[in-house]
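Below you will find one chain, with nothing else, as structure tokens; this is the form predicted alone, and questions on how it binds or moves follow later.
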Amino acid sequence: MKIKFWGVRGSIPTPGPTTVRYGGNTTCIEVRLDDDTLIILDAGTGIFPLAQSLLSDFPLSCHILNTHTHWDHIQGLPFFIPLFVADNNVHIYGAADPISQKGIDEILGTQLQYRFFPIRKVELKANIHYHSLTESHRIKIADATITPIMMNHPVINFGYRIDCYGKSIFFTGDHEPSYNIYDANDEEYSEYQSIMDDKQQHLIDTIQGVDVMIADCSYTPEEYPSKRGWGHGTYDSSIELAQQANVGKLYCTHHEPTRSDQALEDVFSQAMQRHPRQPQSPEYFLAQEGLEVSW
């Protein structure tokens, strides 16, 4: 199995001289199974350079797993070149909207309106297949089993566990650890805390022992209080989750858009000082555009 990072920034693309080392594109991760099946995690702006690398593979088949529909995770989709070429097969997976009852096909349907984009959905040439998913309902892509897991974000967000021939990956998408919305003196506090504890344990059990976890590490502990409720985690919360789930390697991603490369390395170094690695601990890394990991 192989992964390659094509976009690791959160919220908005950040091109410029201070983000050259780690990259300015928003979330997109290429996953290759051992048989070369292509799975793409999210369609942020990083999917555009990924598309450039696929031109020699046409006609191709690929599978895009969308964690959620916020702009930084879908804004590259209308520029995904395989969509415009006949005989390509593009499968798009994601959550249906429980309020509107609309499926994942609404992503492209909304983006490709003339008020937003000059090309209509009906003008796309590829064979596009939409798959609306539900929480914990496993699906198969080639020889891989995909498990969608409901995460905590201000819109429905699926994390994805991918298992294939004994190898495994988990990607959180955007995720903020669940917290109790009640004051400790409120009657509802204990009951709600029990719900939060069960939810956290379900997550830990579902991702237990994955080889690689790619996680939302947007903030430092000092930054988090003013960002609470925005739906993003910290380095520390992701490290703690990785430890609890006995993960092999943790790649920190969704880098805060105002953080320069040097600042990114500084806050990561500080997180490592707060969590010195023990013999049985996961290995910790900063996700970086162009980084490839194979095992």
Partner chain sequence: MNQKISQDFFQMVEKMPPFPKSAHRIMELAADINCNPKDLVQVIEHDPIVTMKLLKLVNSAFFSLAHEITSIRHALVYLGLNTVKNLALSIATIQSIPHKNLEHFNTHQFLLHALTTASIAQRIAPRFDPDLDTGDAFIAGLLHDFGKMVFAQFAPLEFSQAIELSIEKKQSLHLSEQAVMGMNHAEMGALLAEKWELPHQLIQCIRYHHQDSQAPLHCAVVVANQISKQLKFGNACNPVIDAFTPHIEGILGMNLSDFIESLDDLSTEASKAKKFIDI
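Numbering follows the first chain given and starts at 1. Here the structure is a predicted model, which means the values were calculated and not measured.
Form predicted in complex with the partner chain: not shown, discussed below.
When contacts are judged by a 4.5 Å heavy atom cut-off, G166 does not count as touching the partner chain in the model of the complex. In the model of the complex, at least one heavy atom of Y182 sits within 4.5 Å of the partner chain. The closest heavy atom approach of N152 to the partner chain in the model of the complex falls within 4.5 Å. Although the partner is absent here, H137 sits close enough that one of its heavy atoms falls within 4.5 Å of the partner chain in the model of the complex. The partner is absent here, but in the model of the complex a heavy atom of D186, alone among E222, D87, D186, E123, sits within 4.5 Å of the partner chain.
Think of it this way: in the model of the complex, the partner chain has a heavy atom of just one of I81, I119, I128, M196 within 4.5 Å, and the residue is M196.
In the model of the complex, every residue of the candidate spot (D97, Q101 and I156) has a heavy atom lying within 4.5 Å of the partner chain. Heavy atoms within 4.5 Å of the partner chain in the model of the complex are found in exactly one of 211 to 219, 108 to 116, 174 to 182, 71 to 79, that being 174 to 182.
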